[in-house]
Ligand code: HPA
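Next comes just one chain, in structure tokens: the form predicted alone.
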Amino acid sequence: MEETSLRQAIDEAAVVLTRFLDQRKPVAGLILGSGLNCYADTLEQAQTLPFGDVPRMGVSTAEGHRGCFVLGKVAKTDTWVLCMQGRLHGYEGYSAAEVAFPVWVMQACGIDILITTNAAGAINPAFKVGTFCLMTDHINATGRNPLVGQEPARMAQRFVPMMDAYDPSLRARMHEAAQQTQVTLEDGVYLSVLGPSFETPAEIRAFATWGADTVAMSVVEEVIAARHCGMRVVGMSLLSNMACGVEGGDPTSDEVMDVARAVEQDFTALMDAFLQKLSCE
């Protein structure tokens, strides 16, 4: 991205992604976080585009992130969705703007709803591992923001309002989908750190006093970029572990993947129901 302007880089990438979409209109862009890549495997008429084939875009190096776009239909419907099987993270060495880049590109291709998902640790002791939490708000503890600098300010308003960053009407639709599929869905404030080290017990105690219910190492930079370019956002976490020190929690990456495998069917049912509701808007 250093060789050209951000706007030029987005436009260059959007040409390739638009060609991949081939006049099909996804109802949303869906970012599949750690352990959740399986959802894209359920899509019908699926086609794949590796991140590395998109100009100016980074590639995934994180475990469990396949690093490709998947375009397909929700099973047994005519509803198209564009999935990212994996994402980019700051802990991989990417800047905040590089993490946000695919979101800007999706919006440039006409996608106006972002669904971002991840695996997160539960700070709230009332939450249970293996269930899901809908993000009502977030705390950015990464120390980074993709809108820093001159380039993003040339694309859209620099000072982006973050009230209702997680769209209330989309959250209501997700709760309707959860009730329909009988999938447990909590509400909570999500906190993002840079990683890649897991948090200490002292940090988790501090985050709890800030009002955080969950914690992980992604999402907020994507959401800021989405709101910057006018996209509506809904965010959801798989509660893959109790945060460090909460009820004896001492998270590992293996634990995250094991829990994700156990809830594949619930996640698929919830996403199918929600995306079908979007297609009826």
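For every residue, the number given is its place in the sequence shown, counted from 1. Nothing here was measured: the structure is a model prediction, and the numbers come from that model.
Note that the form predicted together with this ligand isn't included here; everything after this is about it.
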Listed residue that, although this ligand is not shown, lies within 4.5 Å of it in the predicted bound form (heavy atoms), from Val27, Leu32, Ala216, Val223: Ala216
Sole residue of Met106, Ala120, Cys83, Ala100 within 4.5 Å of this ligand in the predicted bound form, by heavy atom: Ala120
Stretch from 195-203, 129-137, 173-181, 74-82 whose residues place a heavy atom within 4.5 Å of this ligand in the predicted bound form: 195-203
is_contact(Gly67, this ligand) in the predicted bound form, heavy atom dist at most 4.5 Å: no
Contact test in the predicted bound form: Asn37 vs this ligand, heavy atoms, 4.5 Å: no
This ligand contact in the predicted bound form: Pro55, any heavy atom under 4.5 Å: no
4.5 Å heavy atom contact, Val256 and this ligand in the predicted bound form: yes
Contacts with this ligand in the predicted bound form, stretch 240-260 (heavy atom within 4.5 Å): Ser240, Asn241, Ala243, Pro251, Val256
